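Form predicted on its own, single chain, as structure tokens, below.
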Amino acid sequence: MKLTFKGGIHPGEHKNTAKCPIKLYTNPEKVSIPLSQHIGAPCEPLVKKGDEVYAGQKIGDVPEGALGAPVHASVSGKVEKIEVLPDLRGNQIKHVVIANDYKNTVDPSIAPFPKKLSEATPEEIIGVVREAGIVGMGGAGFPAHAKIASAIGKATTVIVNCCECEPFLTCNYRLMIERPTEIVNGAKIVMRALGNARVIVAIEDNKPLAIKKMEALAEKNPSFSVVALKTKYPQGDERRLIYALTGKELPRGKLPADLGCVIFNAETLSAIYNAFAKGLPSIYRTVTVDGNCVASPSNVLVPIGASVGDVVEFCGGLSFLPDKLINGGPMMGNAMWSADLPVTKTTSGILIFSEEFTEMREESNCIRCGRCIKACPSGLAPCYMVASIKIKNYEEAEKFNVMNCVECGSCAFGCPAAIPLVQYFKLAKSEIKNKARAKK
């Protein structure tokens, strides 16, 4: 019996770009780099208008002691301006706009870690990861150095999350096919920081070639094992992943380290390896560009700050009139209001669909079919939660544990009444948090 979790759904995979090698996009005319691409405090700029900057130069950092990660220039050139722009969620964020000089002059400070990994201390590893500005690249954006630091003395298992369960997205898959040693070596660096740890590489069973590649490397490393998981959404969620691998439930408010685990996305580990082996900060990321409107769906290595529109043009432009532009996957991604928005460290996908793919059914009354309850991987009762929310009884919704919702969309996927359940839950969670803040 294949390892899996309770609940979940089986949406169409649509892994159209699984055979598309990663292409390098290097020449945006300009980049607009947000100074907040992570969970925690936003960065303050370290440069000003008119400054010449190098690729890889640190251009923003958080105040000392604050949770966050620095940001770096992804191209060399001149700072055109520092402006405040709304991000995907409407938050006003400072952006450093750099005009590309197309010279790709690398910052002189960039150099490989000067010691062997066996000689590196946990503090040195944490310092390198922090200075490289590495955050969770699976979408969460939690600073990687803080995750490592919080797991020291607790975690004995490093879980490499290679599930990539969202439909359409294949950027992690291509990374496993093309650069698997970077993932493995990144995991070794985390292992060194934690001390005596083992590594489990978790891959859904719809990726047999990736499993084969990773197994070949695991055979050379006795502390590594590769586990094939049943293909089911949302297998990549950390709580679902821990349950599938260990049979343990991660309670709300607890971290994976409390159960002896620390979880890293495949591309995050690749970034950690490149910070050590080459001294490269987090200035590029791999993005899947797909959807029926995209002329040439692709996987692209993109400089942070390049506009979504420029990346789409690099992939041949549009074949049809677009109706919806999505950052990330179709299940948990966010709709984008402009193609001028920049690619960030957490942008795993750019999906563009025409109206025929995005036509919404009209919401009707709940028929109490129970499909949402069966699908919910968190064991919640979405139909009861939404009934409370519709009458603005947020206290009752909280009693039904709406705060435990991971917003995966499994409930809404099969709802015959076409109720936008996740939107209701996001509203309720926001209201509950605002009330708690006001009371405090």
Partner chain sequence: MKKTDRNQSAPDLNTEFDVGEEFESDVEAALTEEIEHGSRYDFPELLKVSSGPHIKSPISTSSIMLDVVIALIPAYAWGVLVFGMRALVLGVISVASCVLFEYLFQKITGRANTVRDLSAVVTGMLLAMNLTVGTPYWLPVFGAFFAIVVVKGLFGGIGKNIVNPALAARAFLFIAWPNEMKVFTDAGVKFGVFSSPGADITASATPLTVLSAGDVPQNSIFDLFIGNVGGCIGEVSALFLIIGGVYLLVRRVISWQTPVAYIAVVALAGLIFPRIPGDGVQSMLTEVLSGGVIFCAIFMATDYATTPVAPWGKVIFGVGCGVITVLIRYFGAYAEGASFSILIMNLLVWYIDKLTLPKPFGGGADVKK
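Positions refer to the first chain, counted from 1. What you are looking at is a predicted structure, and each value in this text was computed from that prediction instead of being measured.
There is another form of this protein, the form predicted together with its partner chain, and it is not shown here; the text below is about that form.
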Distance check, N404 to its partner chain in the predicted bound form, heavy atom within 4.5 Å: yes
Any non-hydrogen atom of V84 within 4.5 angstroms of its partner chain in the predicted bound form: no
4.5 Å heavy atom contact, C163 and its partner chain in the predicted bound form: no
4.5 Å heavy atom contact, R239 and its partner chain in the predicted bound form: yes
Interface segment, criterion being heavy atoms within 4.5 Å of its partner chain in the predicted bound form, picked from 188-196, 172-180, 113-121, 323-331: 323-331
In the predicted bound form, the residue from C369, A216, A277, L255 that sits within 4.5 Å of its partner chain by heavy atoms: C369
In the predicted bound form, the one of G260, G153, G127, G309 near its partner chain [non-hydrogen atom within 4.5 angstroms]: G309
Contacts with its partner chain in the predicted bound form - residues in 408-440 whose heavy atoms fall within 4.5 Å: G409, A412, F413, G414, C415, P416, A417, A418, V422, Q423, K426
